[in-house]
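Single chain ahead, written as structure tokens, the form predicted alone.
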Amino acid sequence: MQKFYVTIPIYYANGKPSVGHAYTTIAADVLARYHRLLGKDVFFLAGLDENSQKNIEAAQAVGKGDDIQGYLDEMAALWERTFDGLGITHNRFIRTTEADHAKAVVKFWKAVEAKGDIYQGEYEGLYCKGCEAFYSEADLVDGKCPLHLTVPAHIKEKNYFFKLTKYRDALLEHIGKHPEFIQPSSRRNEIVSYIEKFMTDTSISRSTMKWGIPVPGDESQRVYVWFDALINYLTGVGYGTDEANFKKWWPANLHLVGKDIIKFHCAIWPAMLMSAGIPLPERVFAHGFFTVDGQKMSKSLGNVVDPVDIATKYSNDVLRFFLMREIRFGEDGDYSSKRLEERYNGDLANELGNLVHRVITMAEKYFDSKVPAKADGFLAGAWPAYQSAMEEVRLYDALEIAWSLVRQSNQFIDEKRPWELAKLKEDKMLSDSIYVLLETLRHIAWMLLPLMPDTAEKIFTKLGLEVSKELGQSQASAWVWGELAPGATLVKGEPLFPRREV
């Protein structure tokens, strides 16, 4: 059986999940669900980075500086509840304070050390607390961190270093031979420039940190948070604890990350793996930045949007739809409550919801709520285009293909005018028209299944299909035209998306 291993960044545990976190997580969930539909064995890894200075400061801020692990346990429970509530189908929720992860980090460190790629030195330079990353003067904008717009601290300490520059040629060769490794292509060009012109050996330990995983053989140092965090992708599938499982799943098929952390994932991480003698992941896909009403989301601005609030007000599917429909994955995007209302009333209520309700109402009126005889439809090349979009992580385009069928169906109704066919006693044309519309709805539901799973299942139910039976068949049989059996009883029920007053 083919496998698909997808990961998202492990998020800092120092705050509640935001709609920005939900964006990446939902995108990964869409892909995990899609690949399961193809019959693949899927592993979807999510989790938290708990060895960060940010987490210590957050615990201290709420009076739990003496019980950091207790604070992290509470935050992890909150994140897991959020993911579960949003219907995220991850297979494992990893935490970097786990014993399994500590074992993996020690094993990995020793492998890199045995290769002669770790040495001691003195680091003097710039460090951004917000990014927990080191910067050169060339990285700064007006002397400030480009992401947090704060002046980085000047630090000097003895650390362990990783011989990153040793892998410059190997990295460039790999990227050249595998253009699909870094996506989209604009990010690839950015990384190639960094590797060629700016990459230096990197510090991989901190002497001033007291929280985190001790450097093997040196209790006075802690493994630098980024070096430790990247290894979670190995820990999650058994590195250092379950060799058989690790061999089954690694290499990862896809890392989903934000564009602010591509240097770590597309240069440092593959070099680390090369050093440890571990195969590289197949693809790293970097999405853009996420703003709210045109502004960067931040606690200080008070504009952090809670995805649970949106899902509670609308539904999980509406949240999923908006995030995947409003923003082309890979590009920068903006969240706006006004745009959400417009999308809801326009795309969901007026187009999809109205279509489903109209078609089943006509079938109720003209065919006693039964599916009429089979007839040929208008899918054309929709499925191949949909599959290509999903495989290439063009989730916006996949949704657009489903919506093109929604629009075609609404146009088909306007052209065929079934009510006129009924008046004229054009029984065959009426029967064919209603069957085409009903069967097209079934295909739309299948396309929506990874993207809007609850909505897809509701459409199946309205079409008189038993959801478990419909989902129990293979994608190869489900995506064939004419699978909706004549004579099945339709269930109109309530509209999928009742219009909301703005």
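One rule holds for the numbers: they count along the sequence shown, beginning at 1. Please read all numbers here as calculations on a predicted model, not as lab measurements.
Heads up, the form predicted in complex with a small molecule isn't pictured, but that's what we're talking about next.
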Sole residue of Ile261, Ile88, Ile401, Met274 within 4.5 Å of the small molecule in the model of the complex, by heavy atom: Ile261
Identify, from the list Pro216, Gly288, Pro372, Gly377, the residue with a heavy atom within 4.5 Å of the small molecule in the model of the complex. Gly288
Wondering, does Phe108 line up within 4.5 Å of the small molecule in the model of the complex on heavy atoms? no
Touches the small molecule in the model of the complex: Ala382 (any heavy atom, 4.5 Å): no
Would you classify Trp481 as touching the small molecule in the model of the complex, given a 4.5 Å non-hydrogen atom cut-off? no
Residue contact check: Ala229 to the small molecule in the model of the complex, 4.5 Å heavy atom: yes
From the candidate stretches 231-239, 189-197, 427-435, 388-396, select the single one in contact with the small molecule in the model of the complex, where contact means a heavy atom within 4.5 Å. 231-239
